[in-house]
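The chain below stands alone and is given in structure tokens; this is the form predicted alone.
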């Protein structure tokens, strides 16, 4: 896949506070990429650097093979062929939908602009609503107008900054289906930022987990979830517990049993083994005895908190027809299909 956006050693600070530090990243042509991380990690600053709303202190940025920042080069936002969708949509309340969408088509002929507006309104599912004002639309429809306006000038890259943050949970889940369809049908390179891993997993082809201005891991949603690079990534992209372990004879011994070690660990090394609730099974016979401490109802599932004989606690996700009371003694095992991820004890 040909890279469409390339960041090389990009850095940005505000006073003494580094927002982005030595960040390098390639996003492929037609790829939907997500920058995922907690508030203040630098993901929105990275988006603004790509858009040209901020200038990097170091490093370089290319879009479509053209240098746009760094090395003495600087292209302003309007020359970068980038569309931007902000959190608040930034629609003009005094303009109808058609006028909002056509705002970025200055210099186009009236005929071509009208054709393009019709095309993007059809794409986002708003054809027939072009004469309405923003206040006459739902929040989800307003968001789609903002996306249509960003797509109208035929940008090479679409940037979305926390695109679902102003929507309630049910609407977010419905709208993200529309957004995924729109991005796929448009075939455009898209980069969006969010702190919600469920959104990132649902929409992104690949994602990058950020912390303290740095990328800690880049990969597909499956790679990042099942083989996180650090305990921080493991905790941020899902629910994760960690068991103490010791490496003996090429295996790691834990309170939940012994497992193969994947990676180079010396004999006797103290490690942490990541386990997720989805990986643990409760059964009548198994390697580890445990006590149910707490049960939380999640609709289709229960999330159990269990205390092992070692005193360590793990969580286990079970179908709602598995009902266990607090104090029940059970036996646990890891699913055979799961290979535990092992970290050095001191890893962050």
Ligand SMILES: Nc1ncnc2c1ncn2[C@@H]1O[C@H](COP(=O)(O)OP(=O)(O)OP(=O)(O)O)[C@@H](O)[C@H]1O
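Residue numbers count along the first chain shown, from 1. Source: prediction; values computed, not measured.
The next section is about a form of this same protein that is not shown, the form predicted in complex with the named molecule.
- Contact between residue 39 and the named molecule in the predicted bound form is found at the 4.5 Å heavy atom cutoff.
- At the 4.5 Å threshold, heavy atoms of residue 195 reach the named molecule in the predicted bound form.
- Proximity of residue 60 to the named molecule in the predicted bound form falls outside the 4.5 Å heavy atom cutoff.
- Heavy atoms of residue 44 reach within 4.5 Å of the named molecule in the predicted bound form, making it an interface residue.
- Among 162, 241, 199, 272, the residue placing a heavy atom within 4.5 Å of the named molecule in the predicted bound form is 162.
- Partner contact region in the predicted bound form: 31 to 39, out of 288 to 296, 63 to 71, 31 to 39, 308 to 316, criterion any non-hydrogen atom within 4.5 Å of the named molecule.
- Within 4.5 angstroms of the named molecule in the predicted bound form, the stretch 9 to 34 places a non-hydrogen atom from each of 14, 19, taken in sequence order.
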